[in-house]
Each structure stands twice: as C-alpha cells, then as structure tokens.
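Next up: a single chain in structure tokens, the form predicted alone.
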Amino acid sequence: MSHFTVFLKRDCATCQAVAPVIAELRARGLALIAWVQDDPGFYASLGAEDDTSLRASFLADVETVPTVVRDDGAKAEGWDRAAWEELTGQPDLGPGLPPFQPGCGSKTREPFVHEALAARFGPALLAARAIPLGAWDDDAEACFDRGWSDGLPVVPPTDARILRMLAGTKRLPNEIVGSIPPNLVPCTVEKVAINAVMAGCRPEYMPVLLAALEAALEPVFTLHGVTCSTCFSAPVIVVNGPIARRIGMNSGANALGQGNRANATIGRALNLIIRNVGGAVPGGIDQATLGGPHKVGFCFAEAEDDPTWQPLAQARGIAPGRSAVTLFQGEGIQGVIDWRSRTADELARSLALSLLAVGHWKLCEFFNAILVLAPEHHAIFRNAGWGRGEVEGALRAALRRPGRDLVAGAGGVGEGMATARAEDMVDKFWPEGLLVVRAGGAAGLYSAICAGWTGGRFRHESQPVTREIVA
C-alpha cells in the first residue's frame, strides 16, 4: 500500500480548505502524514507533525503548499481535484471545493531560507575548511583577526551565504578557475564565491566576477607584476553589455565613485581573491610604494546610451549585444577640467595636454591609459560628427611630440627617454594603449584619466585584456 505525506501551513487559505479532504483520505484508510510548517496545533485534528524547522519540507523539495507526495516521489501541488484523485487513487474528493485552487509558496522558498536549510540539512556541497567560532566570538572581528580583510569590514562567509552566492553561476563549486598569483594557489569557483560574499556581492554578480578573474589570469595581463609592483597598480574593471544594466551597475553620475553596490563589490571581490587566495598582502609580497584607494576595488560600467558611440568591448572584438569585461592595469583618477573648448579639435588638444602627464611628461610608449569621457565633453565630439575612430585619431596626433624634448636631460630634467630617440617623432601611447570609454553624469565639463602601470612599456608582454561574460 502506498504512503502519502502532505505539507501544509496555517497561513494558507488553500491548506485550510483541503484539511477536510485529508481527513477523508485517512477515513478511507490511506496511510497519510501531515507536516505543518508554521503552526501544527492549528491542524491538531489531523494529528499534524511539527515541521517548523522545515527539515521535512526541505528534504521533500516542497515549493508550494499544500503539496501531497506519494512514497514513489510523485506529487500534486496546490488543490487540483483531478491530480489528487489520480495520485491517491481515490474518487470524488472535495465535492464542496472548486476543481482547482492555487496554493501558497512554501516557507522553504522564502528569501534567504532555502540556502540556510541547504547548509543545515542538505548534502555537503562545500569543500572549504570551516572555521569554528566560540559562542561569544564576533564573526566580523574573527575575519579581521585572520587577515581576510582589506582593512574594511567583510561579510562573514557562512555556509548559507556561500551557497546563495554559488546559485549565481552554473559552474560547479569544485571547478578550478586558475592559479592566483603571486603564490599560484589554485582557486575554485567556491573560493570565488567565498570572497564575493566577503566583499558584499549579490549572486547575480558572479558571472562578471568570474570573467574578470579569468581575464586577470591571462598571462598577458601580468597579474603577478601588477600585484607585486612598487607602482600604484591594481586591476581596473570596465563592464560592457546587457549584464551591466541587468545587475544595476552605475555608468552615470559618480560612476567612478562610491554608492553603487555592483561597482563597489565586484572590484573589491577580485582584489580580495588576489589577497586571500593568491597571498598578495600589502607590506608582504605586495610592495606598492604608495598604493591608492583603487586597490580596494575599481569597477564601473561604460555608458551605452548613445548609438553613435562604439562601446569599448565592441572596439576590442566582442560582438554587439554581448556582455564583456575589460581588465586594465591601472591606478587612481586624474581629473580633467575644460570648461571653454567648444570645438572637437580644441577639446582633443586639451585632453591630450592632460594625457601627456600620465606617469611622466617625458616618458612615452611607457604607460597605457584609460580616458573616461563624460557626457558634456562627448557631446562636443558627437555634435562634430566624431565617433570613436575620429576621437582616438585626433588624440593620437595631438600626443605625438619631438624626441628631442623627451630625452633624458632635456629641459634640465634627468628623467626621459633614450637619447637615440632625439630625432624621432614619438607617440605618448602605443597605438592600442589608450582606451577611451564613456561614463558620468549629465552635467559637468569634466573627464578623467586612469593611468596605467610601468609594465606597459613592454608592449607585447603586458596588455589590457577583454573577455566575454558567460553564465
């Protein structure tokens, strides 16, 4: 004889409506247990079992109440007379009820509940070693004490939070993403999720973070050098495509600043992985002379609201409509103010004057850079009919200078290029070394420059990396 289990809760009108049906099934001799998620006493006449821990409901994978389950795993959800009659083999059930009445959501599916139940009652899905804390320990302080923080508080990575984060990707927790410099420690998707939790990410950020990490691990990104350098450098993440809008990234006002969760935490998570998995601890292997706030995290989305402008990812080979990250070896922001230039030629020359200062005025083909065009500056180019190609071409021309002004010793300054370049016309950046993106608020004739690091002088060994984002 088949056995049946029914799952109910008091706070469900359909559950209350089917209580007489459950009593009738028992009266007909069916072996049936009723589990109640919230108030077993309300169904005392059914001899209901207490499932306020939600263990039974979780193990039965209940999504809706009422749900009746046969011992072979077959289910009927909500009240559906035909389905209940077929499942139980009993005719003429609930004559006073409508043929169909939807149920309510199971308490196991309420926000944050399912992952907590999975951590408590589910199979062991996590491989990382758990750190036991005492009853009176403060979990946030424990993270500081173990060196897992970048100096700011982190979110303690509980099992439930890690499982919730892993739900943001289709990739398996034990998949190895790569070995993280400088210690070349293998990093699994689970470890990515742990650091994403600590950084404050949401699960839907995981595809962006994984793509950024994989871009950082490309040999040509030279993550070991970027991380361990005495320079200011750290990964800078630029996000393009539909995912930026879907996860609520900021490409508008204050896009390079604080206040947006996705921008702030994705960049932070990448740097926490480099620290906590790769071992890049400041003052240890990380030997930055000064560093900068960007070493906590630097991530933003490019504005893609103007069809006349080709987004950075497309300019770097990603198909239109696809999402991508571009990882740049960069530092903090140098502001560019020009309130007076009104023609495209004037503005290009003006922006070039500020770009000349990247690294040092006399060092050329030595650094890469990002130029972030704010809307009011971009409008001057757009109104002149200039797109990406025209802007980049004009900047390149304005940044070319006589080598005699740049060599070491010229102008009474010891820094500079080799004297052999004195008769050359020298470009400030390699042809692919200046990345132009659009971002920022609608008001203000301000743009910004993010300088690259000294490894950029090795043109073919150290370059920005663009990678498509996949689920």
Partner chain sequence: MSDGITLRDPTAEASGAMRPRVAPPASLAGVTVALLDIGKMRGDEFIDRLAMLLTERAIATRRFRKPTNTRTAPVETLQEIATTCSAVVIALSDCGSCTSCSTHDLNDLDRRGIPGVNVITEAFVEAFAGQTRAIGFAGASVVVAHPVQNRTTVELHAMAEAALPGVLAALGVVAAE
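Residue numbers count along the first chain shown, from 1. Quantities reported herein were computed from a predicted structural model and do not represent experimental measurements.
What comes next is about the form predicted together with the partner chain, which is not displayed.
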| item | value |
| --- | --- |
| In the model of the complex, Asp145 touching the partner chain (heavy atom, 4.5 Å) | yes |
| Heavy atom of Met249 within 4.5 Å of the partner chain in the model of the complex | no |
| Val358: touches the partner chain in the model of the complex, heavy atom cutoff 4.5 angstroms | no |
| Lys191, heavy atom within 4.5 angstroms of the partner chain in the model of the complex | yes |
| Answer option from Asp159, Asp345, Glu77, Glu175, heavy atom within 4.5 Å of the partner chain in the model of the complex | Asp159 |
| Heavy atom within 4.5 Å of the partner chain in the model of the complex - the one residue of Ala82, Ala319, Ala130, Val220 that qualifies | Ala130 |
| Candidate spot Asp137, Glu141 and Val277, all three touching the partner chain in the model of the complex (heavy atom, 4.5 Å) | yes |
| Which of 122-130, 92-100, 208-216, 396-404 lines the interface with the partner chain in the model of the complex (heavy atom within 4.5 Å) | 122-130 |
| Sequence-ordered list of residues in 182-203 near the partner chain in the model of the complex, where near means a heavy atom within 4.5 Å | Val185, Lys191, Ile194, Asn195, Met198 |
